[in-house]
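Heads up, the chain below is alone and in the form predicted alone; it's given as structure tokens.
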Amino acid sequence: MYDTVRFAGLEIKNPFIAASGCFGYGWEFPALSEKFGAVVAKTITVKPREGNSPPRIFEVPGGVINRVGLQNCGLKNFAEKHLPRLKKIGTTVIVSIFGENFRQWAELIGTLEKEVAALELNLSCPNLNKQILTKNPEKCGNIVEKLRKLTDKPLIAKINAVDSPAAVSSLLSDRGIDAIVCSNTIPARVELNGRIYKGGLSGRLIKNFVLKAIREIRKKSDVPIAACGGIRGLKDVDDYRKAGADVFVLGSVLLRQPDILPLEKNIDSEGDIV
């Protein structure tokens, strides 16, 4: 039904990718995961992370705000318990990673590179109570340049649509990145019972931000682009393709409609909030 495509040096069976975190570690829903051209496992860190305390997910008109905080089991547990199962699903496996320093980035790559098709560098998570890495393009560039020397596997940078995406993408491409995912969730906040919670916004609300960013990236660089933000139907895919995207990442829509593929049978309807 879908044609095989090339992305970041990989040949994947269709142009749809399941976003990091939306199918857990990637193997828990094999009948759904295997429909995608590739699945990105949730972000893995060297040490286990409990993430933020509840509440962590807020449904808002037009989207979802999450402040999960990169909860994960840590590199050792992931490599021993989850990765063997993940490799058995019938699709391309990509793992998202995040390091607090170069040593951690290097350890993650050294452990995972031989086991996965590609590595996605989470450079733009808004849920860590730290400065988002893409706000400092030169720092991002230095990270990518150093990591590029450690592996021949494709490195994919996940950026957001609001922190100078064209300039960041161009710089990272020059430093050795193989592809760009745009966009990560966009920094946002929500008030509940008199408290302010900061998190990342995804869903329908961010589509126009991402479209603008992808057009700007494509004007400055020929780096492969994965569009991520508000995709619910073929019209969204067509809009992103015209803007310059090569493949299409489905994210928060999977929280409501995990069986969305094949997309021809699931044209978006007015009123869906994701």
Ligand SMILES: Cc1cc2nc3c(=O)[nH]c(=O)nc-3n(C[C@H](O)[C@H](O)[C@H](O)COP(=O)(O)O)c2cc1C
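Everything numeric here is computed off the predicted structure, so don't read it as measured data. A residue's number is simply how far along the shown sequence it sits, counting from 1.
The discussion below concerns the form predicted together with this ligand, not included here.
Under a 4.5 angstroms non-hydrogen atom cutoff, this ligand in the predicted bound form lacks I214 among its neighbouring residues. Taking the partner from the other structure, this ligand in the predicted bound form has no heavy atom within 4.5 Å of any heavy atom of A226. Under a 4.5 angstroms non-hydrogen atom cutoff, this ligand in the predicted bound form lacks P15 among its neighbouring residues.
Using a 4.5 angstroms threshold between heavy atoms, L70 counts as touching this ligand in the predicted bound form. Contact here is defined as any heavy atom lying within 4.5 Å of this ligand in the predicted bound form, and by that definition not a single one of N136, I180 and R218 is a contact residue. Heavy atoms within 4.5 Å of this ligand in the predicted bound form are found in one stretch of 140 to 148, 73 to 81, 199 to 207, 103 to 111, which is 199 to 207. Residues G21, C22, K42, T43 of 21 to 60 are found to place at least one heavy atom within 4.5 Å of this ligand in the predicted bound form.
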